[in-house]
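Just the one chain here, the form predicted on its own, laid out as structure tokens.
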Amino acid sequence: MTIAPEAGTAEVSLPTQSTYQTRVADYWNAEENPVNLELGKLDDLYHHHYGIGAADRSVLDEPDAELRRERITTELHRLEHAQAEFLAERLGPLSPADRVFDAGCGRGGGSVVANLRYGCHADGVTISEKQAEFANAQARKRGIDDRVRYHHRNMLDTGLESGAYAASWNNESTMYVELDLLFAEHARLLRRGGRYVTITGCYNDTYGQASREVSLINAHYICDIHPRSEYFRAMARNRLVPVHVEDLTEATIPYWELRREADHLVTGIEDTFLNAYRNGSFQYLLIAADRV
């Protein structure tokens, strides 16, 4: 079976290509986690990633329980939005005539951030039909659906136009796919000199194999976190040359420390992330690379 192609795209297979990918799609089609939904309701920017920067911990001192929850939610969303802006800033320089590609777009927040910053066209791809429908509804609500579109497709085989994109990214979605297949698709979509950016959690393979904490994170999110070194090897094999690498581990710890205190949003994985970051077995990296 296939889905009908859209203008400027090729006919592509239905998104899931394996039993594992079907499980991932099922997970995200069913997901209704408050830590994703409640934060996005504040301004209709739904981010499926974590935050960076210094946290305002004074929100924890609010004596009124309901207001305390509201203030914590707002602060966590601010930190998540700061991460999205941090990534988007490293895509440029871009113009309103440019097209960008958001791989594993979730409910669409990253593509909106890029459009608001640069005025560019954005195509987001998610394996979750529910997420694609939600994100397109948000784009229509904002009146940007002529420039920001979301597709129920596989980021390893998008059917989108080769060489049409000035920039592309993954924001915490690389751990669901094989890196060689992923970077090959980014290299195909990007024009020569185009910029690819990822922010991702990876395990520190100078420590050896994945730690117990990394294994617990994998089980929690049904993912397979890659070793740090594999990102650079796979990029080199796929015409992506790193131009900037930044360790964001320390910058994300305040987000997790605050989220651990949010009893209305906790998922049970918070201490695992904090332990992994602190013992050095897990890192939060930004990698920017140019397509040659």
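Predicted model, so just to flag it, every value in this text is computed and none were measured. Numbers for residues come from their place in the sequence shown, where the first is 1.
Missing here is the form predicted together with a small molecule; even so, the following discussion is about that form.
The candidate site formed by Tyr203, Thr252 and Ser281 is entirely out of contact with the small molecule in the predicted complex, as no residue has a non-hydrogen atom within 4.5 angstroms of it.
In summary, among the residues Tyr165, Tyr150, Phe183, Tyr176, the only one with a non-hydrogen atom within 4.5 Å of the small molecule in the predicted complex is Tyr176. With the partner removed from view, the residue among Ala135, Leu79, Ala122, Ile127 that has a non-hydrogen atom within 4.5 Å of the small molecule in the predicted complex turns out to be Ile127. In summary, the region of this chain contacting the small molecule in the predicted complex, judged by heavy atoms within 4.5 Å and restricted to 69-77, 137-145, 212-220, 100-108, corresponds to 100-108.
Residue contact check for Met155: one or more of its heavy atoms lie within 4.5 Å of the small molecule in the predicted complex. Though the partner is left out of this view, His49 does reach within 4.5 Å of the small molecule in the predicted complex, counting heavy atoms only.
Proximity of Thr198 to the small molecule in the predicted complex: non-hydrogen atoms within 4.5 Å are absent; the residue sits far from the partner. Looking at Thr272, you'd find every heavy atom of it more than 4.5 angstroms from the small molecule in the predicted complex.
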